[in-house]
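This document starts with one chain, in the form predicted on its own, laid out as structure tokens.
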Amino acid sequence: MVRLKSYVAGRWFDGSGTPARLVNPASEEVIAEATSEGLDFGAALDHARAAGAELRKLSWAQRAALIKGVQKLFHANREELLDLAQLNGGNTRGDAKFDVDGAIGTLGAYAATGEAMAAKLGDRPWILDGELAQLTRAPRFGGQHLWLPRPGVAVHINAFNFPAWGTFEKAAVAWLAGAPIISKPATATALVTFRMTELLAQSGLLPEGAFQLVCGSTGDLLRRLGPQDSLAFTGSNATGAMLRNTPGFAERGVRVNVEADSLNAALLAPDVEIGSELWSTAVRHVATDMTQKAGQKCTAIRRVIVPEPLVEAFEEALLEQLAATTVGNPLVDGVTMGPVSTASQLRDVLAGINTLAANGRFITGNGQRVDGKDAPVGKGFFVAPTVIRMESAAAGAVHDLEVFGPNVSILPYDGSASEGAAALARGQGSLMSTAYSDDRAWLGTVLVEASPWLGRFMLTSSKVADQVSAPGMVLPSCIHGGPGRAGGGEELGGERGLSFYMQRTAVQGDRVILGKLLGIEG
């Protein structure tokens, strides 16, 4: 059995007390254990702050090279990481690639972002925001907004579903902004993150203290954060709310970014023809989001909003697509969907599915655990792909409850853009939604009325149906986050992501002096 240690203050720390156990979710076999009890979080923060000073001395080009080196390191060890992701996460090989390759790809994207910034900014540590403005009648008195790295520590608390991508998409942005990291993965699936940290520690690529790992509880870490520190959290809305209210956060102005629950929607317009390429794309997207990582993606489609005349045909097409899904041990050839990740996930998913079904009826699935192919009988956290048709598009639970597993709810609606599709898509705020239509008027109305409730909105028309990425794919060039119940946060988005770790300051004074100091021409 593997003992997961924390990596803090330049050494590996093995906690005391009763450890948490990590299991193979397909067999429930215990494969690892971890505890952080006894860890000195004050020392971890001191170590990170010293590393931050070294990181901020590096130029944009040097930070980009550092991130590129980490990308190459993980790519060289990709096969081992994929194996661990399958073992501990219940991932099929494809699901493991989605996570591990997502981490590698995002690191590469931020290395490229850093290179582009270096070409634009040279060795200047600041980023100009807008143009130098004249502030009074006197022409020489001006003001310029600029971003500068904050001398603080970035604490990252990550969800169980993406132990590789979730950890290192945050890390790539923070490193480029000059912020050292203390990372806390969800303990239940931390095996991949632990191994990636081992590789980093052995490589010597990073300034010592630029990345520290906590396997287990965060103890009193959060209570120690100060006004230049930040917390980025991915997980449930309830936990996010609790973290926002950490004692001292408000008084000290600790920055918090939350990416939480999301009831993402797929919206079909009345003009989508049955059997068309646009129709098939929508069906494929829904089926993929249901089964990829067993539906355990914060960006997965949960609500499918379909014009009433198209509902039965859409359900038939979706069932046909799902018929190719084989649920079972992800280590076995031919299995296309593994289990959910933990026993508590299994309980929550089944309870949630049955709550949704109380306002509708099962089209496929029955809200019960199933046995997986080539898994021990009665073991494993397996759930069948589940489709529920709601009695009414306004059914309460479907707009309130995110069931984090392989399920969708079909919501029949009248086909209208404003009172129908846009109103239903809004919910209480989501990370993303997707609209399928060639009707520009319909798309325009939905875009304007639904977008304030969405972090990302994908408009899929016939001309791009064969080109669009799957809705659940988070791309580093676009922001990731959303309003309302989705947490109100924002990360990634290329250079935009750096702002969370930087301070925007309005510098006022003599325009000539400001121009010379900041390298502003004219």
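The first residue of the sequence shown is number 1, and the count goes up from there. Everything numeric in this text was worked out from a predicted model, so none of it was measured.
Beyond what is shown, the protein has a form predicted together with a small molecule; the following relates to that form.
Across the proposed site, Asn158, Ala186 and Phe404 without exception bring a heavy atom within 4.5 Å of the small molecule in the model of the complex. The small molecule in the model of the complex comes within 4.5 Å of no heavy atom belonging to Ser280. Residue contact check for Gln428: none of its heavy atoms lie within 4.5 Å of the small molecule in the model of the complex. The small molecule in the model of the complex is not approached by Tyr436, whose heavy atoms all lie more than 4.5 angstroms from it. Met242 belongs to the set of residues with a heavy atom inside 4.5 Å of the small molecule in the model of the complex. Between the small molecule and the residues Asp261, Asp289, Asp229, Asp99, the one pair within 4.5 Å by heavy atoms in the model of the complex involves Asp261. Contact with the small molecule in the model of the complex, judged by any heavy atom within 4.5 Å, is made by just one of Asn366, Ser392, Gln134, Ser236: Ser236. Note that among 350-358, 159-167, 84-92, 324-332, the stretch whose heavy atoms approach the small molecule to within 4.5 Å in the model of the complex is 159-167.
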